[in-house]
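One chain comes next, on its own, written out as structure tokens in the form predicted on its own.
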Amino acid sequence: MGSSCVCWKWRSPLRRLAGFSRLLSTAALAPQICVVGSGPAGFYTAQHLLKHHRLARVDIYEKLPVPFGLVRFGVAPDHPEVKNVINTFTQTAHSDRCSYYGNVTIGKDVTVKELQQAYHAVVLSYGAEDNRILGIPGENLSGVYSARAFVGWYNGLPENRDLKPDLSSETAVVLGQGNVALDVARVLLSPLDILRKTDITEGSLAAIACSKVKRVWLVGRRGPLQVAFTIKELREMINLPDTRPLLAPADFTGLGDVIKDVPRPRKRLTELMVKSALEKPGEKEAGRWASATKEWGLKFRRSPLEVLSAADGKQARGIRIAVTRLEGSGESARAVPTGEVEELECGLILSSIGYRSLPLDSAIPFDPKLGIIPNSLGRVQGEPGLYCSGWVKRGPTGVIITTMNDSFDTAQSVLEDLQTGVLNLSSSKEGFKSVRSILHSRGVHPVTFSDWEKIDAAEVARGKLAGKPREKIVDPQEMLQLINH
């Protein structure tokens, strides 16, 4: 025991010396990595890199002064529990090997090629900032909006702050039957007492308080077995106070036998729709539905043909839809027009048929048809050292957990390329040091994470005065003034 102690004392300085020289030799090999986009894809990519490489340094760039992307601007205001991932992202941003630089537009303030010169690896995680278009006559009439813009409006996305949607019609039509479509319908029909306690913006809350919308139809090309929303969102709609569901029994008759072999989530979702449409409601529910002043419904096998204009030729007054039938079954069923046509009277039409990524920089490969950057496991085709994660990698589908797994996979590809030497660390890269001089020369002032925390504190303080979790600042200039930029 005693001799081993002496031996340990004698060897310890040598071990420490060896460890120190090893540290010196690897310090120069610390990979400099940058991530473009500070939404879930960006933060989860950074998190995985920092966790699994003890020397990696990760800088996150964001176009807006404020971080968190769709968690801040896409998640419904009455779903605060989904926003809890912000706590995890904040921990990542607080790492001494991670920095956040907001108010920097990649492709304009600094190019991707310039980032590639400054970093060993560049990961594009900038999401989908556009929406798919309907491609039908009349979609540019007043009263027609993308669900993406409408969600951005009530969630305080700066580019949508001046949307001013027309809510003077009693009937609204939402084209699409996914979770975003249900979010939009729920916000339109929710009692103000519920919305007042959320972080919905002051301006949109005031507009919704004056809304005349009493009925929302959610229109889908296919049938009940192909809806894209999940059971949680459906249950929220069914239980929404002062609101009754309008589900046509004919749409659900005979579905009980068909769903025996479908996956459990789809089966439970369909069973809830069948129950609401075909079974007699309980006394409490029946009473609530009878006294409801608002309603919503699902219209299946209907495809939009044309937005109809009012006499002035400027305002939407309705929508012409084709009745469809399904060819095939399950997820692969196709909607085929029957030749029958219907018209729905409405003054508000929200298109919720999906988001779409855009090319960030003309020098970067992009598939406009699929709306993604061509890649293999997150490695951008033909561009060593360039990677992508999230929606711009796989398309705008899935929930936050899908994006988390997808981003971890891309980060793993980066780590493998570091390990195998595909990424050459022998040439040292300056990272943000060289980007800072580029931005300075172009008059761009980045916003740091501590700057964001000042904006955050101001929003929370304003919200407290109104009895809300926060009052979002919707003007980027006001954000920058707050932090003396």
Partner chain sequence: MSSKLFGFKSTVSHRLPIHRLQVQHSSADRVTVHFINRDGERLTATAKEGESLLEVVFNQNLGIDGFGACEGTLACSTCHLIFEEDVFQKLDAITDEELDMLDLAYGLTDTSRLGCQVCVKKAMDGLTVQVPMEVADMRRELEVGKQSK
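Numbering follows the first chain given and starts at 1. Quantities reported herein were computed from a predicted structural model and do not represent experimental measurements.
As for the form predicted in complex with the partner chain, it is not shown, yet the points below apply to it.
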{"query": "Tyr44, heavy atom within 4.5 angstroms of the partner chain in the predicted complex", "finding": "yes"}
{"query": "Any non-hydrogen atom of Glu114 within 4.5 angstroms of the partner chain in the predicted complex", "finding": "no"}
{"query": "Close approach of Glu430 to the partner chain in the predicted complex, 4.5 Å, heavy atom", "finding": "no"}
{"query": "4.5 Å heavy atom contact, Phe408 and the partner chain in the predicted complex", "finding": "yes"}
{"query": "Residue stretch of 307-315, 323-331, 228-236, 115-123 approaching the partner chain in the predicted complex, non-hydrogen atom distance within 4.5 Å", "finding": "228-236"}
{"query": "Asp193, Glu81, Glu279, Glu283 - the one with a heavy atom within 4.5 Å of the partner chain in the predicted complex", "finding": "Glu81"}
{"query": "The unique member of Pro337, Pro359, Pro249, Pro265 whose heavy atoms fall within 4.5 Å of the partner chain in the predicted complex", "finding": "Pro265"}
{"query": "Non-hydrogen atom within 4.5 angstroms of the partner chain in the predicted complex for each of Val85, Ser376 and Ile401", "finding": "yes"}
